[in-house]
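For this one, two forms of the same chain are given in structure tokens, first as structure 1 and then as structure 2.
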Structure 1
């Protein structure tokens, strides 16, 4: 009988100590395990399902307030301390592990509008309320005892709406009718900012660049301030008002805004004209936003009675929290350890939620930690598979949210379909495609100097300056009577050289007085975005008396003909320019082709007329649409004065040059002023504007 004995070395399969993992002989070659991919997919699917099964985000409710919770604040040095303020002016300090209220402070009469804690020392609390008071409270360690009396109080003339503390200095900022910078133990602000807005209702200091402030105002604008400067920096205006702002604690230039249009917008403060991302999932106005300490996610609270958690780089939320009793969420906050989310709502409760709905609280065993890490890697590997993605995204929401989302989806699809139809049935380029992130920003202002103060007007003079065309820029400066200045670097409007005779200047002044336009605009600030102070000052400088300003080749040809025949080029040019100034409220299009000003030019030689006879344009027998639009806005008396001024210009030109202006003078003389207002000018003359 043969006996075969198997012999193996115990060192190949036995552990040296009981703390080591078991040695499992395994060949990790993919050829040896053809079903490994399928097994991992099933494990990822099961891990995703179990995550949704055990997703129980609600942790606790902190009861005690007698009115709705309006503000929350976290202690920068203690993870377990949370401060809340309510509609009845009461402030409560909570201990999260024991879920008990440590102390109650009757702080204000009316709403508690803002709360903040000194980040450096953590020993003082600052609050503002509807009673126009700023109060500073002591925060001992441990918190307890009687804190009814503030250590410092400041009475204000107007109601403050929010307060935020500097991250490195003993300064804090309040907002209301303006933005005020305060120091501890001082009764007056050290600096005040104002950009002409009615109310600034929220403000936050940048945690990385601590001197930068961000505020949201009632005129739908977001304003950037530097507490070291004397004026605001930049302002961007959205279509609807913003309710809350929050800085990313890991990116100095990134912040997120909660808006009334149900969306949130993440901006880069270096480029405010377009948001980096638009976050859409809420069905009503978003009231609060706060970042996690990692800077990768933020939590929001809305009027739709829900709380959502958004990744910074995604447009949709990864979690939505709601309960049957929770009403409109007015404030949210992320804890300093990135574990919990707190919310305050109208039904007088402060609720504590998990930052990750399926995360197990408490201490985990090593085997549990390994299993969780393995499951996370599996879900990350198969997160693009349709079934896994469907399970991850699926959420049960209340009926009113479900119906509202369905309605909003239908509205968006209808708008996109309408825009696509308009683009398909229009000329190419007339209906451009506008990205979603560009639809919600109206414009940006760079500096306070670009905003016109109340009462100042910078209307251009009667004969408006015309920007140089490309052909005019290529012509050498100094040629003839219409030499031009060098173009400004910032794209401001240019002026021309030349002088008028005395009669023409008097006529133009009388026309300017009749229309109500100033002969020289007041030196001030222009209400135009995108121009610097230098260009604004250049525009407000009184120009020389109007000369020939047209850059059209036809007009230059007419003046050259007048000059060659010995007539006064300045007078003829002034006549053309003054006629055009009546309707020069807006620039002319390039395809506006008629011969309204042909009467100001001299009659060409007979041979030239014969050559041009076949291709001559039809003569315009009525006043052009630009003059008509302005004339309809004038009264009969003003129209008569304008007409008298133009007649004087023509008469002055006839006196200086004779001949060429007579046909236009006869046409103007036959038209009464009453026919200009509200009617087309159908006289036999050919004078008008281009």
Structure 2
């Protein structure tokens, strides 16, 4: 008989001296590790909770500016240097580790509109301001000496709105009335681009394909340029204006735009007709966007006084930052080491936040790092479990954001319901499903004829060709895409069923009266309210009915002429006037609760009390679909005309752009007090809604 009994030698299991580490024999057999899944779940839950516990994103506030911060720029070669420009024209250079302002440059009078650092040498800084100046500053390493005098400054005829530097060459681009490409040390632009837009308010060079430029214009379009070429490449028009653009630093072809309609859109440059992703979560206009250097995420700043971080392939944000004191966020920046996010806001502070709210700063010990990675993996494994999901998603947001979100949800649901009802009661197939990402783009234009040759100041031709080929890259016909099918310069507001919009018909009639053109007989029933008709009139001043347009090309040209030259203001005013009489003659329909930007002028006088009451009513704080319907059917020309008209009516409105469209710009001629930021009303007075 042989016998063996388990007998362990303690020396194999105990450390020899207390300076040794403990011996940890392992046995990976599953029998030794019961409840593996349940324990992992508990760990995942704990890790998730701890993540929320440690989520303290606010790092520091860089204060010193004496006015709201309008622009932030990162130094492409130095991690610790950040440059900020404010409303009062002051530029400050900050040192992040010490959180100190290294120097202050009184650069401009008026806003600092744009800031960029020459990425090649990293020793010069270019700024543009409201004083119509491009200035180039020294940026020595380390920062020191007297930096108050610019190396170079160029006076411009018109106000610049943004500046961006080429990533490889010593070139930079400014935008404003058109886009200019500049060379260092030269006083005139080497190239000028224009595409029939009055204001281009933001522009960015592509970091990978360094000659490609992306700009957002105030006619709601995004324009792609090639700085080597002679003409803009492509242009896509969204429903509302884009406030900021950012290229993905890792994917040459993708970029994200921050839009006035509270959303962000990520586009693939190769297919502009529909954005690759729609990012929703902000509750007011998004003012700024910047990518993380990894290209996986971007940070956004909004007029709703919050900052959000979105993964670039997700529709919703993973993080929201806010503080009680932070006001409207005008600019954001993601640091080059992917660790920090900076924001500049109206109340004069630059804030530094962590990119990952619960991340531990400083170097991690190997064990710590391992534990973090393990926790990360666990969270990933169990992220679909309701409890884990709930904790991960939970964020405390200020009341105004919370309420606005709730309201938007209600509105979206009701729209959805309505659409579903319509679908249910229509013939099958007549009300197609439209993907969310197809809802926000009006159309793409690829029109090279409008472009001037190099070096010339472009004057757009009187009548851009409005051919079907000009409206290339349209979506296939479908009832949902009627707005897209129409060329951008096509003027008629036409419903697909052949009838005119009610308001439009009146507008047309009145327009005809004002301009002396014969009005086409409106085909639809004309039960209109004064308000809608007035807004429609204001929005759609010039477009003659299609039949008329097709028969009289000369008149069409005249319309274009009027719009292009900005002479339509008279016509628009007349239209508004005539509408006012129309509106006054008819009873005010109560179910049109929205008001468009220009409609207030045309509204028959209401008692003040009633006006106030209406404003308090929680309706239509979103993008009003009535307005959208109109905006959708608007043409660029009409919009320009309206703009001109509005401008003539609203003396106060200047064309500075840059500020968000305050919803409604409610009473024309009366500047909303919240908009008065220091010195001037930064409103563009465009199509907006209440």
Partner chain sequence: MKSAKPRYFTGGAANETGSVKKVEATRGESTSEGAISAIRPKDEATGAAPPFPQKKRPRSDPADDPFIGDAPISEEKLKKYDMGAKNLRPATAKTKLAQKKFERRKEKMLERCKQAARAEILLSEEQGFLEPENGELTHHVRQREIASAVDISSATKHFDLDLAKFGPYRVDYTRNGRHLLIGGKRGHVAAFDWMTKRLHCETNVMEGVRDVQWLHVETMFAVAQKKWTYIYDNAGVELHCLKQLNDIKRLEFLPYHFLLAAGSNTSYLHWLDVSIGKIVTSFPTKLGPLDVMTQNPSNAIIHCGHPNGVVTLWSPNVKEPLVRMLAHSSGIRGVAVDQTGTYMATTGMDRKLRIWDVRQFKQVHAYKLPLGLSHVTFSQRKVLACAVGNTVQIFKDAHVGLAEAPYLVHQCTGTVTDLRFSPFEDVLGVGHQNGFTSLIVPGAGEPNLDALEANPYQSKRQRREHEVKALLDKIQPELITLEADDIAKVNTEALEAELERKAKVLYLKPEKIDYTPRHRMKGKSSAAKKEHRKQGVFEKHRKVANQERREVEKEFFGQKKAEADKPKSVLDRFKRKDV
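Between two forms, the rigid core is defined as the largest C-alpha subset superposing within 1.5 Å. Numbering follows the first chain given and starts at 1. Remember, predicted model here, so these are calculated numbers, not experimental data.
Requested in this report: Pick out the form predicted alone: structure 1 or structure 2.
Outcome: Here the form predicted alone corresponds to structure 1.
Query - Rigid core superposition, residue 63 Cα moves 2 angstroms or more between structures 1 and 2 - result: No.
Query raised in the report: Would the C-alpha of residue 30 be classed as shifted by 2 Å or more between structures 1 and 2 after rigid-core alignment?
Result: After core superposition, the displacement of the residue 30 C-alpha between structures 1 and 2 reaches the 2 Å mark, so yes.
**Report entry** Following rigid core superposition, Cα shift of residue 19 between structures 1 and 2 in Å
**Finding:** Core-aligned C-alpha shift comes out at 10.4 Å.
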